[in-house]
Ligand code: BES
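Single chain ahead, written as C-alpha cells, the form predicted on its own.
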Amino acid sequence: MVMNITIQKGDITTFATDMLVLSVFENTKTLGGAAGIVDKTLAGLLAKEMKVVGFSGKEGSLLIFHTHGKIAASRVLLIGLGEQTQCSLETIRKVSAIVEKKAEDLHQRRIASVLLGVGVQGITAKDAARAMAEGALLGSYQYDKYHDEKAKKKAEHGLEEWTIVEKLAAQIRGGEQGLAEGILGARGTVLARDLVNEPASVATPWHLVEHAKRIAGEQKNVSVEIFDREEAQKRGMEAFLAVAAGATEEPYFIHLTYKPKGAKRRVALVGKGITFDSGGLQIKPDNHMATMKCDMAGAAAVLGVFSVISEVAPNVEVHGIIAATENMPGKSAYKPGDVVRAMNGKTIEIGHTDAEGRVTLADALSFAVTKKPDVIIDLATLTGACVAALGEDIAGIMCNNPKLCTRLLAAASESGERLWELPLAPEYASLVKSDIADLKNISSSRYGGAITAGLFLQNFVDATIPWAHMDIAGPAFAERESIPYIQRGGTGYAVRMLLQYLKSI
C-alpha cells in the first residue's frame, strides 16, 4: 500500500495532474456534474469524442482523451459507472480499482478526480470516499515478495498519488472521514492477504504468533497471551492437540484482547488457524492440496482486524482467538477411530482426519465461551460443501440468533463481501452423533456438509450466547480474478465486514 489517496479543496479544471478521472452513467444524453464542467471548458470536445467512439458509459468501460493543454490535466480518463439506478458502493469499489490499474498501465504517477458516485442512490461523500479508497488500494495489491520483476515494475510504474478534488467543505469533511476508514480497512485486508499468500513453510503457527505479538505491541489497548503445547494440555485442549500431533511445527494457541475504556459489550472472534492442511493420515489428492496454505484464512482475518483495531476504535471489547497448527501425517498423527475430548468436556470420534478444522475449533470455541462474551463469531475455511452450494465468491453464515445474523448480513452488504444464510437445521443434528462418543467429526450423510459442520460446532458454544459461524472456504482464496479489486490468491475476506460490524454495535 504505497499509494497516497487524499482529498482537498480545488477546481478540477485548474488542478495540475497527469490524468483527470471523470465518470459518466450509461446512456447519458447530456454530460453533467464534473464531466459536464470539464466538457464545457473543452468546448464540447469530450462529448464529441464520446459520440465518435461510441462510448456508452457501461460499467468499467474506459475512454482516454488528450487535452492538449486546454485544461491543467494532461489527459482525461472517462470511466463508465453503468446504469444510474444500479450504482452502489460496490460499483465505486470496482471502478476505482479499474482506474488504478489503467493508471499503472499508462505509467501515470499522479491522478485526480472528484468523489465518484456521490449523491446517487443516497451515497454520501463519506461512503463514496471509503469505497474509492478500498477499491483503489485493494486493486493495487500485489504479492511480490518473491517476484523481483513484478516488484520492480510496481516501483517504476505504480500510481503514487490519487487526489480527490472537491469545492464544498461538507463534501471534503465527509470525504476525509471516509478515506480514513477505507484506508484502515484496506490495510487490515492487505495484512490478511499477505499472511494467506505466504508459503506454508514461512506462515507456520509461530509466524502467526509473531504477528500477534507485533500487533499487541503496535495497537493501543491490545494485549496477547500465547499458550504452547504444554499450556494447552493443562487447559484440556485435547482436540486441538490431537490435530497437531502429526506435525513437526509446534502448535500455539493465540488469544488477543482489545479492551478500550468504557466498553460495555464483549465480542469473541475465532479464526481457524490450520497453517497447512495435508489431510492428515487420510491425505488429500494432490490437486486438492495445492492451495492448502490458505486454510488459516480465518485466523488471518482475525489478525487483519486486530492490526487496525485501536485506530478504528470500536467501543467494544474484542477477543481474537486462534488455535494454530498444521495437519500433517507424521508418525504421531491422530487416526480415524480415535476419540478426543474437547476443553468443554465433550468427546469427539474422529471419522476422518481431513475434517480437522472443526476439531481445533471445538477447543477455540470452548475457550471463547470462558471469556463470557455477548457475541461469538467464528470464521473458517471449513467445507468444500459450502463452495459447492454457494460458489467461490460467496460465504455461508449460520447463526443461533436472528438479530446477529441480520447485523452481519448488513455489514457484509456494506463492505461488498458476499454472505448467504444457511440453516442450522435441527433435524440434521443426529448426523454428527457418534455411537462411541458424544459426537463425530464427519456426518453420516454425504449431503448438507456445510450445515452438519455448523451443527457440530454448535455443540461447543453456550446456547445462551449469540453465535455466528461463517464458512469462508469459497471467497477466502481466489482462483481467478472475477472482481477488479481482488487478485488471485488470498483475498482478506471478512476483515472489512467485521470492522464494519464492530463499529455498528
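The numbering used is simple: start at 1 and walk along the sequence shown. Please read these numbers as outputs of a predicted model, since none were measured by experiment.
One more form of this protein exists, namely the form predicted together with the ligand; it is left out here, but the text below deals with it.
- Although the partner is absent here, residue 457 is not a contact residue: none of its heavy atoms lies within 4.5 angstroms of the ligand in the predicted bound form.
- Contact annotation for residue 325: none of its heavy atoms lies within 4.5 Å of the ligand in the predicted bound form.
- For residue 130, no non-hydrogen atom is located within 4.5 Å of the ligand in the predicted bound form, even though that partner is not displayed.
- Although the partner is absent from this view, residue 292 contacts the ligand in the predicted bound form, with a non-hydrogen atom inside 4.5 angstroms.
- A heavy atom within 4.5 Å of the ligand in the predicted bound form is found for one listed residue only; from 377, 114, 303, 382, this is 382.
- Proximity to the ligand in the predicted bound form, defined as a heavy atom within 4.5 Å, singles out one entry of 356, 417, 134, 363, which is 356.
- The partner is not drawn, yet in the predicted bound form one stretch among 153 to 161, 269 to 277, 219 to 227, 184 to 192 has residues with heavy atoms inside 4.5 Å of the ligand: 269 to 277.
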